[in-house]
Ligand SMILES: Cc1cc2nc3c(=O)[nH]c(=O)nc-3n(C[C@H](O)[C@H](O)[C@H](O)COP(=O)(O)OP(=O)(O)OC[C@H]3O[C@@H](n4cnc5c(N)ncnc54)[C@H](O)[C@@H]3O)c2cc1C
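Before any questions on how it binds or moves, here is one chain, the form predicted on its own, in structure tokens.
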């Protein structure tokens, strides 16, 4: 078993880290305050291949594998502890990949080159007002065929990138019922543009963290989209959504690792230099013991995350793994990463004392940002446990039919 990085991976990490530390890190407080990622950062990310990098090179993507995608996510999380830019990155990397894999040629040629250059946005729209975790039972959005077009009606909520998609253009991969009698086998996936669409009404929410990227929802009232905006096969949308969620969970794990490491570095610098009772804070066991525990937690989740990325590469590149393998590995990373990251940041805030409660230090941005990943983004902690239990026991042990 080899835990070393390849030369290509080392170069990729250095490129991502140099860019993130020089261009992103100095702007994080500004992004959090102004609630907007500067356009020049987005354009520069596009030039470096950091927007939907998992998409095919044929459509402007970097065509990187999932280990490389996780490396970039880690470095972006290390630089932007608020997690706004990492959210933009992972949403486009996960769902840009699904679109690249299953979208029609016409739709991909229309949208993907703009997404990878930073001129358009690619998001995901699954959650609805009456249910987030219970997609199968609660989803009411419907899609019906109207001539050669599709007609969509319904509502989506708690969706990332509403402002970005409305202003830049692009698509949200939107899940809709196409055969209500078939439960999870009766959903299809659609590429839905929000910009300049009079039958789409958007709304925004005021989040507590990751301020640089918007969150909100939209309603669809008799929204017509072309036939070629169907993603993949009819009535297979649920499976594509689950595939995309597994991908996003791996990148969330990597993002949390990077943000945790940044927080730990900040904390270590403080406890080595700050003194109490004539001694550095780091000389007290009450500081050293939690430091050791948190270091072990970060190291463990880093291994879990990269194992999940490796498993995805085994499935997509070598056909030597299944989605069963990917689903459980991704859920394990997502179950642990946000909790450990929050624990690290909370501990470091304690070490900083009163200054940790001010905006002089970025730790409060991290605490606000990482909390979204345990509350529900890409699935709550209990949903991760359900996924792991399902994959271990079999679908007949699911708590729902």
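Keep in mind that this is a model prediction, so the values were computed, not measured. Numbering follows the first chain given and starts at 1.
Separately, the form predicted together with the named molecule exists; it is not shown, and the next lines address it.
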Partner contact for residue 215 in the predicted bound form: the named molecule, 4.5 angstroms, heavy atom: yes
Residue contact check: residue 377 to the named molecule in the predicted bound form, 4.5 Å heavy atom: yes
Non-hydrogen atom contact residue 159 with the named molecule in the predicted bound form at 4.5 angstroms: yes
Residue 133, heavy atom within 4.5 angstroms of the named molecule in the predicted bound form: yes
Contact residue in the predicted bound form, chosen from 229, 108, 78, 210 - any heavy atom within 4.5 Å of the named molecule: 210
Single option in 301, 143, 126, 329 placed near the named molecule in the predicted bound form, where near means a heavy atom within 4.5 Å: 126
Partner-facing stretch of 251-259, 96-104, 276-284, 159-167, counted where any non-hydrogen atom is within 4.5 angstroms of the named molecule in the predicted bound form: 159-167
